[in-house]
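In the C-alpha cells that follow, a single protein chain appears in two forms: structure 1, then structure 2.
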Structure 1
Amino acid sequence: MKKNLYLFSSFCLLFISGCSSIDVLNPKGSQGNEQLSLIKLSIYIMMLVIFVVVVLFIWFVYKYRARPGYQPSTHQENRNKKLEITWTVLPFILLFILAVPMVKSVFGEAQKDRSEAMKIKVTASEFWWKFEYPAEGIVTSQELHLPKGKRVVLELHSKDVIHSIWVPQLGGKQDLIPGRTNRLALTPEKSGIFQGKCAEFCGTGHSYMRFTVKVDSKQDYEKWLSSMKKDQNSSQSLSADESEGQKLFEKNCLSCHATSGLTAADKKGPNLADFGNRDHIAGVLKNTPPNVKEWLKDPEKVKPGSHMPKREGLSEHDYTALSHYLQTLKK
C-alpha cells in the first residue's frame, strides 16, 4: 500500500510538472504563482480521493460480480458505524487542510497596501480593451505594457456589458461590470509577451476580445513610456503611398481613432498610437499589411460583432495605401 501511494504521488508530480505548456500551471506572476500553489494542493488532495474511490470501486465490482458458482454471504452488512464515521470525519480534515491556505490567500491579497502600487485604468467595451496610465497621461488599446517586478492595480470599468479580464499566466480574472469599479492586482515576475482574454461572455465578438500583455524590464518600459508621451511617430518621413494613406485616414478614420497616445487626444474608438508595433489587428489577425487590408474591407467578417463600420467608396489602391500608412504608426 505504501509503495502504491509513493508511485501514485510521483505520478501526480509528473502530471503537474510535465505541463509547462499549460498557461495556468506555468505562471509568470506572483498572483499566478500563489494560485498555482493552491491548485496543486487541491489536485494532490483530490487525486487521493479519486484514488481511494477508484480502488474500492474496482475491488468491489470485481470481487462481488455475479458469476457461476459465486454465492454471496448470507450476512448482508447494511450499517457499519466505524466506517461511516470514518468517511464523515476524514473529508472534514481534508477540507480543513484546503480551507486554511485559501482563507490566508484571500485575505492576504485583500490586505495589501494599494497606495504603493501602480495604477492603470482598464475600460472594456464590445469588443476591445483600453488601458489608461493616469500618472503618465497616456492611453493604449489592445496592448497592456507592464514593468517587470512592479505591483500593478488595474481599475476595471465597463462601457456596455459585463466583461472579465484574464491573463492566465499572470493570475486569475476579475469582472468588469457597468456601474461598478473592481480592482485586480497583478505582479509580473518575468518579462515576456502574454495572452489576455475576455472571459465573461459579452456578445457576438466575445471570442475575439483579446489583448496582449507585454512585460518589459524597468528600462525598456520607461523607454516605451517616454516614446508614447511624444506626439510624433518614430518614422517621420512618409513615402508617397504612405502619405496618401495618411490623407485617407484623416478623412475616413480620424473621427473615431486617435494616432496620438496622449489621453487628452483620445477618441471613442481604439487608440492607434504605436499600431505598427502591435502583434494583432483587433485581437484577431496577425498585424501585416495584407491582413490590415482584409480587416478594413470588412471588419464584421473578420471579427463578428465588431462595431467598426465598413467604409464605402474606397478603392483597392486606397486600402493598400491605408494599410501601409497604419504600419508607420510606431513610437
Structure 2
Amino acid sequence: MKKNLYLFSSFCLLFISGCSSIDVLNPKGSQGNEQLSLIKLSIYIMMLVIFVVVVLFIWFVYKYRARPGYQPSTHQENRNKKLEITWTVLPFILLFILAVPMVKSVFGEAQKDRSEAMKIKVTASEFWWKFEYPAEGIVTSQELHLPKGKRVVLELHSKDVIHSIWVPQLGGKQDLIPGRTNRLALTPEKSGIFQGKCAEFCGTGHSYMRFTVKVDSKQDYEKWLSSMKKDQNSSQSLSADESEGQKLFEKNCLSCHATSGLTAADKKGPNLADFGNRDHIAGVLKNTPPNVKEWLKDPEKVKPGSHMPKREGLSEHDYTALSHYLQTLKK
C-alpha cells in the first residue's frame, strides 16, 4: 500500500511540475527559439536511443522466451569486437551530433558584435532586481522594459550571493556572481508580458525573486522612456488622503526608495518610479491597495527573507494613506 502511495505521489509531483506559466516551449525571442531547437534535437536523439533499446529488449524477450521444446544454447560468446566497437562508437557519434550545434550556439552568441546592441545593467540583490539604462540615465526595479526586435545585452551583477537570471520565453539563463560581470543577450521578437525569475537557489526568498519583462513596440518603448525621465507627480494633484500618504512616505520610506526614474535619484532600495502601473508588489502580490497595505505591515510575512523592515508606530489609517499614495506613482 505504501509503495503504491509513493508511486502515485511521485507521478502527481511529476505531472504538477509541468503546470506553470513559464512556457519554455513557446519562445518569443531569437535566443529562446535557438534553445528550443536544441531541446528538440536532444529529445529526438533520446527517442532514437529509447526506440532501439525497447525494440532490442522486446526482440530478445520474444526470441529467448521459455516454450515447450526450447533448449537454451550452452555456448557463451566472451568477446565480439564488432559489437563492442559499435556500442562504444555510437554514443560518441550521438554526443557529437548534439554538441556541435550547442557549442556553435553558445560561442556564436558570445562572439557577436555588441556595438549595435542596447545595454542594460542588471543588479540582483536578496531578493529583488534593479535595471539601469545607462544610455538613457534611467533606473527601475522589478520590471524590465525591452524594445521589440532590438538585440539587448544585459550586463549582470550581484550585490550579495550568486543569482541566475532566466526569462524562459526569451532565453537564458546566466549566473550573476559577486565581483564578476557576466552578459546575456536577448532579442525579443514579439510584444507581450513575460515572467522572469532567479534560477539559482539564493536564500529563503528565492522562490519570490521574480520580475516582469514587458516587450514594447518601438513607439510604446520610446513613450515609456520619455515618461520615466519626467519628475514624479510634477503635474499630478493629490487628494488629502494621498497627500498625507506622501508625507508619511517622505518621513519613513524616502531614505531607501526613490520615486524618480532618473539614475541620479537612485537609492539602496528598489526604485518605485511607475509603481502604480506595476502588475505585482515585490514580485509576489497583485498590485492592489489592500495588498500594498498587507506588504507594508509585515514584509517578512509576505516575502520571507525580505530585508525591508517593518515600520513601527504606524496606524491603520497611516497604512491606508501610504497605500493610496503609492498607487499614484504613475508615469
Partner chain sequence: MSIPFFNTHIKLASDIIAANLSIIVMMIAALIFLTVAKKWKSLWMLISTTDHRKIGIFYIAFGFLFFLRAGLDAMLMRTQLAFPDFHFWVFHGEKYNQVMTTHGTLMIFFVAMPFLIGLMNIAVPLQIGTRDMAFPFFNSLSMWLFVIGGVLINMSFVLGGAPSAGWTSYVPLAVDKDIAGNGTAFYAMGLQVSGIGTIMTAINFIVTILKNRAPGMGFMKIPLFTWSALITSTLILLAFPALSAALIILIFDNQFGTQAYDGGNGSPVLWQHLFWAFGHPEVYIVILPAFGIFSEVIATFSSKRIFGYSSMVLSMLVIGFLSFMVWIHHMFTVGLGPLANVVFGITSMLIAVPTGIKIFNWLFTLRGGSIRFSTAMLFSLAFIPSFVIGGVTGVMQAVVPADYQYHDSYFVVAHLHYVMIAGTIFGAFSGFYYWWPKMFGYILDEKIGKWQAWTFIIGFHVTFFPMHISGLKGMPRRTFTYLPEDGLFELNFISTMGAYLMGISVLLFAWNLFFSYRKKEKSGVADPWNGRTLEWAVSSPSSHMRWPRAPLIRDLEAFWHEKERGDGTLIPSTKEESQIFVEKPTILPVLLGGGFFTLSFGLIFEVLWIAVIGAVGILLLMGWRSISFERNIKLYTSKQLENAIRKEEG
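We call the rigid core the largest set of C-alpha positions that still match within 1.5 Å between the two forms. The structure displayed is predicted, hence computed values, not measured ones. Residue positions are counted from 1 along structure 1's sequence.
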Structure holding the form predicted alone is number 2
When the two forms are laid on each other by their rigid core, does residue 72 show a Cα shift of 2 Å or more between structures 1 and 2?
yes
(message) Given a core-based superposition, decide whether the C-alpha of residue 46 shifts by 2 Å or more between structures 1 and 2.
(response) no
* Asked: Core-aligned, does residue 63 move its Cα 2 Å or more between structures 1 and 2?
  -> yes
